[in-house]
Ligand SMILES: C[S@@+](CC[C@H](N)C(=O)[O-])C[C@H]1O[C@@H](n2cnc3c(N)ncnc32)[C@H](O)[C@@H]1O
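Only one chain is shown below, in structure tokens, and it's the form predicted alone.
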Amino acid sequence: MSYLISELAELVGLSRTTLLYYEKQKLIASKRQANGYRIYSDKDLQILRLLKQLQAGGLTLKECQSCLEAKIDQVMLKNRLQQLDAQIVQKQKARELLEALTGLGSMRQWHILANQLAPDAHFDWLKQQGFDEKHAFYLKWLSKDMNEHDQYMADFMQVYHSLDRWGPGTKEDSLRALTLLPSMPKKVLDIGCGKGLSTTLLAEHTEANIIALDNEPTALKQLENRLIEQGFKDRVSTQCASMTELPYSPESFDLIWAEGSAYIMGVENALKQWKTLLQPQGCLVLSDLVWLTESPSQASVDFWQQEYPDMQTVAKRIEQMRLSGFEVLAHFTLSDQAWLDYYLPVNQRVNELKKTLPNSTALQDLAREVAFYKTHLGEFGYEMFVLKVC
């Protein structure tokens, strides 16, 4: 059979321009009729169909021509196969992301990676998606999945609602830090106070006026009840606000206390912003999760890269504190008891809720965290820092 160029184009699904280009490359060859029309043979049709099959394998036109005109180059095909495999992996990642963004899949790994590579931009993006600052922080550090965030936080709060401690610590460690201050404070801001264990300790062992600040209303309500019971309501007030936008004038306090909370906004940001609220020679006490070894195991590195990518060694944190205008008066690692007092109640509460929440991601995360603490504590720990404005 013979075909006009328009007929051939329709049969193979290619444009007239493409066929003329292929002819110029000598892949096909036409014969001219007396009227000047191009006529193609059935062989040309079959070559074009075979060519399309080869192109479907990701080969370039030149590579397809090579396969048609000579023995197949196996090395070339294997290289093309490797490239295609890499493209498939990238396309699959793209599909998973689009699936997650439309609410059809998990965004956890994407959020974790975004927080590692671009933490500030990622945080701003979360707020653009409709999360207020409080829940943007919760999503960044806890749920790590905007599609499952509400359920995650509901399960998470079921665990912590009945617990006094929301992070490692002991009364003895807090008192030790208090005794390392150069003088007793008169005006104190307790940032990220939670249910107020440190707040009531400060009230009991100083005569200071104290503001206890947190962004979780349920925790502050329990603290207020505790303050009334212990008779501290006249010297201690609560404030529900963000630690990133503190509603206080410069030099309002001679002591800022922040146990386990500076990481939320980033230690370096906290040092910079909180310093302005301190009076000359004012003090800052904070605890932060740090590496206690210069060569942690790969398992620890992988775990904390997801949970706290800004984790540093003690020496690095001290350097940051000095560069931020603080003198480091003292520092010490929290006791093992600080971890036991936190994780034992968490573990007990997780086990209590497993029957009613068998598929809870929040409970699975907490169980994994407890198990990791048991096997790797010593490579990392909480360090308490006692600082003074230079």
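Residue numbers run from 1 along the displayed sequence. From a predicted model like this one, the values you see are computed outputs, not experimental measurements.
Although it is not shown, the form predicted in complex with the named molecule is what the next lines describe.
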query	finding
Contact label in the predicted complex: Leu278 to the named molecule, heavy atom within 4.5 Å	no
4.5 angstroms heavy atom contact with the named molecule in the predicted complex for Asn115	no
In the predicted complex, Val301 touching the named molecule (heavy atom, 4.5 Å)	no
Any non-hydrogen atom of Ala212 within 4.5 angstroms of the named molecule in the predicted complex	no
Stretch from 191-199, 307-315, 143-151, 67-75 whose residues place a heavy atom within 4.5 Å of the named molecule in the predicted complex	191-199
Contact at Glu10, Tyr22 and Leu48 by the named molecule in the predicted complex, all three, heavy atom at most 4.5 Å	no
Answer option from Glu268, Glu133, Glu96, Glu224, heavy atom within 4.5 Å of the named molecule in the predicted complex	Glu133
The unique member of Leu181, Leu292, Ala241, Leu101 whose heavy atoms fall within 4.5 Å of the named molecule in the predicted complex	Ala241
Those residues of 233-267 which, in the predicted complex, come within 4.5 Å of the named molecule by heavy atom	Ala241, Ser242, Met243, Glu259, Gly260, Ser261, Tyr263, Ile264
